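A single chain comes next, written as structure tokens; it is the form predicted alone.
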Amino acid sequence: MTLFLLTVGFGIVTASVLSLLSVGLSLQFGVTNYVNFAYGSYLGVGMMVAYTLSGTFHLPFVLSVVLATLITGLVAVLISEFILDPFARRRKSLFYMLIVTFGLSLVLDNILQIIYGVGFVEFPIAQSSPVQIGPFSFTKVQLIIVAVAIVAMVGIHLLLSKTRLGKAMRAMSDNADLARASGIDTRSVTRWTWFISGCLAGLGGIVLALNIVSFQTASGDAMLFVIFAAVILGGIGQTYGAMLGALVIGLVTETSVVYISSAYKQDVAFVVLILMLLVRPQGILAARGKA
């Protein structure tokens, strides 16, 4: 029982990382209505920029995280504006854009490998000793990861429910043509969506790197299909569904190591996804009109 409760704690940390990543991908898909297969590369951009700022330029780590998060958001906007949007306007096909974004992921991965190589690196921060909270054991870094995820999810909720931008994003997610006819500046909303999605990818990549300690440029790609599992499980295009899907996947994958080898824990995410697709293919929270 003690081991199981410990893995539940690890599952909460994993769910916190996944929530940042899955919500970012879900927001982007909800507005653009196509899958960004290069999303894992954006994680690599965030973690490697943070590593450069903190390790090479010796900036304070918190400042490095903030700057890397914003830079990743700007990179996402620029890629959307000059690469993805022209392709999307040329042919509105889910499969077509999937191939485009897959090619983009290869380009970004190779650029990062040219700059940083393929070796593993670590952030220049000291590793803290575990802190016991009831039956759970966390390091201080893991507690910070959970706190960052909670603050970010509350921020996304307030954005979507209280701001004009958030309401415009929800309107575009429901029906982009109707939103455009209602006077919403869909291009501006799309740019802001890419920026927010990119920021979440960058921040998610950084907290992922903090959680796994040693990371490389391709560490984000290794999480891509787990992110997709959380997004699809929660309901494609549903932000709150992505949060719920991240929680389920995080807990299930980490607690599974009590019964099976940890080498197969990510495979458990796909088993859960397959069962969900058989029972409720629209996801936990269905989004009308989404693939």
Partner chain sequence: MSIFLGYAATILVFFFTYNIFTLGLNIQFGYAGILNFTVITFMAMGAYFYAVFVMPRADTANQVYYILGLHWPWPLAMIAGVVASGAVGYLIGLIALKRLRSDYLAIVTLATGTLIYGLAGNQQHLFDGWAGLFNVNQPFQSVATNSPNEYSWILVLISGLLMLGVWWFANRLYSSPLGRSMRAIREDQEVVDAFGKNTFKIRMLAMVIGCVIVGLGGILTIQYIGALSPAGWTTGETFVVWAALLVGGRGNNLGSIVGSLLVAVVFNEATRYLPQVSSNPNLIPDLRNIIIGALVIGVLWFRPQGVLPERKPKFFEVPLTNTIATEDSDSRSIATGAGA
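Residue numbers count along the first chain shown, from 1. Just so it is clear, the structure is predicted and the values come from calculations on it, not from any experiment.
Just so you know, the form predicted in complex with its partner chain exists too; it's not on screen, but the next bit is about it.
*Consider the chain as shown here, without its partner, and state which of Ser214, Ser93, Ser161, Ser128 has a heavy atom within 4.5 Å of its partner chain in the predicted complex.*
Of the candidates Ser214, Ser93, Ser161, Ser128, Ser93 is the one lying within 4.5 Å of its partner chain in the predicted complex.
*Interface residue in the predicted complex among Leu78, Ile99, Val151, Ala181, criterion: non-hydrogen atom within 4.5 angstroms of its partner chain*: Looking at Leu78, Ile99, Val151, Ala181 one by one, just Ile99 meets the 4.5 Å heavy-atom criterion.
*If contact means any heavy atom within 4.5 Å, which of 135-143, 69-77, 196-204, 100-108 contacts its partner chain in the predicted complex?*
Among the listed stretches, the partner-contacting one is 100-108.
*Would Val121 count as a contact of its partner chain in the predicted complex, using a 4.5 angstroms cut-off between non-hydrogen atoms?*
Residue-level check for Val121: no, no contact with its partner chain.
*asked:* Test of understanding: in the predicted complex, would Phe87 fall inside 4.5 Å of its partner chain by heavy atoms?
replied: Yes - in the predicted complex, heavy atoms of Phe87 and its partner chain come within 4.5 Å of each other.
*Should Val35 be classed as touching its partner chain in the predicted complex when contacts are defined as heavy atoms within 4.5 Å?*
Val35: yes, in contact with its partner chain in the predicted complex.
*Quick one: does Leu273 come within 4.5 Å of its partner chain in the predicted complex, counting heavy atoms only?*
It does: once its partner chain is placed as it appears in the predicted complex, Leu273 has a heavy atom within 4.5 Å of it.
*Using heavy atoms and a 4.5 Å cut-off, decide whether Phe29, Ile114 and Ile232 all contact its partner chain in the predicted complex.*
Verified in the predicted complex; spot residues all in contact, yes.
*Taking its partner chain as it sits in the predicted complex, which residues of 249-285 have a non-hydrogen atom within 4.5 Å of it? Please list them.*
Those in contact are Tyr264, Asp267, Phe270, Leu273, Ile274, Leu277, Leu278, Pro281.
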